[in-house]
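Presented as structure tokens, the chain that follows is alone, the form predicted alone.
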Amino acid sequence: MESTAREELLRLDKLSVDYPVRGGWLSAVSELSLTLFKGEIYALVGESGCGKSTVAYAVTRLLPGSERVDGGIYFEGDDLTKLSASKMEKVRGRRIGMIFQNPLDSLNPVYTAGRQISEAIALDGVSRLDARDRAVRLLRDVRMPDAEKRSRSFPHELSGGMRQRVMIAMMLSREPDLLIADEPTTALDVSIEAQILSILLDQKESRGASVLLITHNFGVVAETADRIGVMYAGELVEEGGAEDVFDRPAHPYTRLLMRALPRSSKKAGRLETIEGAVPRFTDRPRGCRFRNRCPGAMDVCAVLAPEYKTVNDGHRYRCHLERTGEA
């Protein structure tokens, strides 16, 4: 898809988030810039610890409060970092909805699924009876088996996949313009994972909803995302259309992630692994953050942060190596 013909919904402009730690600040997100357009699914991908969830909590203003935030977060033209707490409450839930990683922790254990969804609907002045009927319809929309019965179930009586459906229904109840899904398929089996992703895709197709899908699993976005941003150690290292990134990965980290994906045949050999782990930076270091794990690292990588290179319109990566080079 050509982004030039699309309308901007969310734009992050050099967003940086630092957490206080003993002796300084932990750099969780560093000068991250990206744009999400209306009616698209944008997948933010990377290993655990690379800053993906911090981005989601920064957009929704749900960070703990001790952090340092720089840069802009623009939603339909408004800088969310400048809004008062009361104005942000009107944005959160109504215009931006968020599906959290663990639905059991997010749902109230003493209320039924239907009641929790209907309470969200009632915030818009809908009567209790209408809200309850709409809650059941929403559960059907997210493919909840026996929606009427499950609406009367408590969270502990539901499976993990069912609880995730309840969370999605709750977030959809107020018809937000942007749905942020933070690891929505964590701990779900493969078949349920595919169903949850299909639900998100349905929302895009039927409502024109925009989705920011955050995941560490590159494989789950292949059939779902329009565009992909690859994060590493708080930085966006590659961005492009899903087809471009999968077929023509440019950054060494993206290529290594691709090689770690499960193969369709045993003849493809053993899966490759990326040695080491995502580092924690207590300041904003010089050079490339991936250099210690990069098979093509050079001397310049230790002293100079790479600039973005363009593969084609909409596809860029941040590396000193050329795309056809050693990595």
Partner chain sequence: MRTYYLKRLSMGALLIFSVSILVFSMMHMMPGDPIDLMVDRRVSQDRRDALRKEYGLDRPLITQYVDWAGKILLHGDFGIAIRTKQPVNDQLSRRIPISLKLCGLMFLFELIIAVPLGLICAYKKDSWIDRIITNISLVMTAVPNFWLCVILIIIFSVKLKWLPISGYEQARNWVLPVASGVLGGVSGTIRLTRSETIDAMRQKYVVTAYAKGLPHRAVVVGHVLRNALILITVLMCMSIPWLISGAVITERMFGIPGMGHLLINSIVMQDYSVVQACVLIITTLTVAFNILGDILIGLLDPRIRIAQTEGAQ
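Not measured: the values here are computed from a predicted model. Positions refer to the first chain, counted from 1.
Another form, the form predicted in complex with its partner chain, is not on view; read the next lines as being about it.
Next item on the list: Go through 112-120, 241-249, 225-233, 138-146 and give me the stretch that gets within 4.5 Å of its partner chain in the model of the complex, heavy atoms only.
Entry: Selected stretch: 112-120.
Margin query: Check D78 for me: does it contact its partner chain in the model of the complex (non-hydrogen atoms, 4.5 angstroms)?
Written below: So D78 does not count as contacting its partner chain.
Margin query: Can you tell me if F154 lies within 4.5 angstroms of its partner chain in the model of the complex, counting non-hydrogen atoms only?
Written below: Residue-level check for F154: yes, a contact with its partner chain.
Next item on the list: May I ask you to check whether Q195 falls inside a 4.5 Å heavy atom distance of its partner chain in the model of the complex?
Entry: Output for Q195 is no: heavy atoms all beyond 4.5 Å of its partner chain.
Item checked: Any non-hydrogen atom of Y57 within 4.5 angstroms of its partner chain in the model of the complex -> Output for Y57 is yes: heavy atoms within 4.5 Å of its partner chain.
Check: in the model of the complex, do L212, N217 and M258 all put a heavy atom within 4.5 Å of its partner chain?
Finding: No, none of L212, N217 and M258 comes within 4.5 Å of its partner chain in the model of the complex.
Next item on the list: Have a look at D202, E175, D105, D130 for me and say which one sits with a heavy atom within 4.5 Å of its partner chain in the model of the complex.
Entry: Among D202, E175, D105, D130, a heavy atom within 4.5 Å of its partner chain in the model of the complex occurs only for D105.
Margin query: Give me the residue from V221, M171, I73, I180 that has a heavy atom within 4.5 Å of its partner chain in the model of the complex.
Written below: Contact with its partner chain in the model of the complex is made by M171 alone.
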